[in-house]
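Coming up is one lone chain in structure tokens, specifically the form predicted on its own.
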């Protein structure tokens, strides 16, 4: 029984040694990916692929020497695959939290025209009232 326990400990330890960890987040239309085998062993120059729902490749790029990579968001939802060679691979489904490039084009601007016009009308009204008060003849 002790032999089986020691043997299984050795087998499971070697299996987890080559597991790829994959983390991704997005911010302001950019996707950031970080992958590593262990905390001190980043996944260097690994291929990162972004696939749509039909498993069609949207984008492919490589990680740097720290296991990090970034790219523009190709769509709002896709799969991320990190390939480290020799069958080592990590995959996750990703839903973007920030806007993609196409969605950004359709967002309203920060200063809509109707707010600007309302501000101008308020300023004209304020100075009109001041002009009317100053122009009013005194009765003395």
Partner chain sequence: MKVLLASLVCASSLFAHFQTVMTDKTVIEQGGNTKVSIQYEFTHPFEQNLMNMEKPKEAGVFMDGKKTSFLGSFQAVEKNKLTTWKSEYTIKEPGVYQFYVDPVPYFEPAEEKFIRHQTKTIVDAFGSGEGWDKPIGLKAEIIPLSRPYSLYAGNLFSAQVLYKGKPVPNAEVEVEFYNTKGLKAPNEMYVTQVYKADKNGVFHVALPLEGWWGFAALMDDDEKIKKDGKSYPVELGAVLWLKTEAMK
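All values derive from a computational prediction rather than experimental measurement. Positions refer to the first chain, counted from 1.
Although not depicted, the form predicted in complex with its partner chain is the subject of the following passage.
Looking at its partner chain in the predicted complex, residues 51, 54 and 75 place no heavy atom within 4.5 Å of it.
Although the partner is absent here, residue 34 lies within 4.5 Å of its partner chain in the predicted complex, judged by heavy atoms. Heavy atoms within 4.5 Å of its partner chain in the predicted complex are found in exactly one of 43 to 51, 82 to 90, 23 to 31, 58 to 66, that being 23 to 31.
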